[in-house]
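Listed next as structure tokens is one chain, alone, in the form predicted on its own.
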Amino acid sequence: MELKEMITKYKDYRDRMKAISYAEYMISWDAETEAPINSVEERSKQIGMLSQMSYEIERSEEYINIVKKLYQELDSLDDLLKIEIKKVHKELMQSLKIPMNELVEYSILLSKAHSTWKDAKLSSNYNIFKDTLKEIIDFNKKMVKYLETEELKGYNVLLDQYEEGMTKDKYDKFFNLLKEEIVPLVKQINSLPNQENKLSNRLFDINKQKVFADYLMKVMCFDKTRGLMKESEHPFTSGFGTSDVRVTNHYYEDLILSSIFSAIHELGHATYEQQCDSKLDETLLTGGTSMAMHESQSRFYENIVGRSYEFWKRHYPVLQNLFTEELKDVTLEDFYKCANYVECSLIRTEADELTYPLHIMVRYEIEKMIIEQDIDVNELPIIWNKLYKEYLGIDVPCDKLGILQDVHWAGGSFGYFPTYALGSAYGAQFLNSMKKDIDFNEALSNDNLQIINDWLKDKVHRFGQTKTPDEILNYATGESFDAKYFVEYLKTKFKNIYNL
């Protein structure tokens, strides 16, 4: 078969798999936003069929041979196809190590797991979910054994899936730095006399919160012709190329900041997706290059932008006009301090910027135990509660506020959590370089964030998956990852807020 014919056949296979992926994406979106409760069984059956179809294409002898041959002809391919074939070849060689019937069964298991987790969380009963979680853990342990190499073993196999090149040793070094530099600062702040949080014990109409979330979409320049926002139990972002990017939010009457910062966080993810080069839509290279790089963007917008004084100096009057009575005695300075209020709390997604890495450390430590030790699933809530007491000094009152609070393990995402903290650190490094090119504070005071969006598009977003995280960091900042920028950023910001 000539090279041109191989490329044509490869693209035909790719297009068919993308069509199946699009169907799975739409089913998943529907399941997490508005699908009827009793549709789980039928939906799971259809997902199983789609997975089977996709795996049959991936495992076909012709497809495998084409990918292998194109990999041998990399120097003859155009730049984009060369990068894509490298990526596809690596993933294919890994997937071939896992029996197809097990992958199909796992897809079906995960399609049911979300509903089981949701039921368990709503009733705050871990026992409802534990057997399903055990099945997910067992598969991940088997997958580790299938994928282990001389270089990657144990938990490192899963860590590499989400952030290529990251290992336990590297994450341990990163988290140890945070423990040395940030934990003492948290303790110092928590030792201060209790400061009033003026937003506590106030109720904010949910419909008005939705109006402000819509306003934030305009501020962040979210293109609503290529995206939308709905509600879900756990806010998330999903998409298919640059023309279909969707986010969700969750609203609580007594937690106005929750919906605000969840919206900004998810719109940060969405900005990354919408600002990829559209020419990548036809390839397998569109979207964020890694989990941590994606998280760097969501947490950059949520924390570095969204929790800044300059941002709220411009937009707080709009919020006050919506909630005239509720915020009549809350000044801009009061609101800024509430937005950056440091408190050791239970819920990761509601955690302040400073204590957030401690929540990630709990999950990181537990995942290491799960994958590399023989931990009884019945013991996981006990271990969770113990670590929250150790790292954050608080007691966990129930499963809903403890081990059931996150959806990630129900989706089989072991190795994902550490990227959240890593992403925050990437964001601080980007900020350091951004300030050399633009007047960051002036950009925050504008009606929208277009200047900031443009910088990130040029330095990060447009590349999609055509560059590795390290290549993007070097392009944008002139150096590889360095956690010192994150530590300096946190210490400077919170020492100023708390006059330390």
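Quick caveat: nothing in here was measured; it's all calculated off a predicted structure. Numbering starts at 1 and follows the sequence shown.
Not pictured, yet referred to below: the form predicted together with another copy of the chain.
Within 4.5 Å of any heavy atom of another copy of the chain in the predicted complex lies no heavy atom of Ile438. Although the partner is absent here, Glu488 lies well away from another copy of the chain in the predicted complex, with no heavy atom inside 4.5 Å. Not displayed here, another copy of the chain is kept clear of Glu479 by more than 4.5 Å at the level of heavy atoms in the predicted complex. In the predicted complex, Lys9 stays away from another copy of the chain, with no heavy atom inside 4.5 Å.
None of Ser433, Gln46, Asn448, Thr468 but one reaches within 4.5 angstroms of another copy of the chain in the predicted complex through a heavy atom, and that residue is Gln46. Only one of Ser191, Thr225, Gln373, Asn201 comes within 4.5 Å of another copy of the chain in the predicted complex through a heavy atom, and that residue is Thr225.
In the predicted complex, no residue of the candidate spot (Lys141, Glu148 and Val377) has a heavy atom lying within 4.5 Å of another copy of the chain. The stretch among 470-478, 63-71, 49-57, 451-459 whose residues place heavy atoms within 4.5 Å of another copy of the chain in the predicted complex is 49-57. Taking a 4.5 Å heavy atom cutoff to another copy of the chain in the predicted complex, the contacting residues in 29-61 are Trp29, Asp30, Glu34, Ala35, Pro36, Ile37, Asn38, Ser39, Glu42, Arg43, Lys45, Gln46, Met49, Leu50, Gln52, Met53, Glu56.
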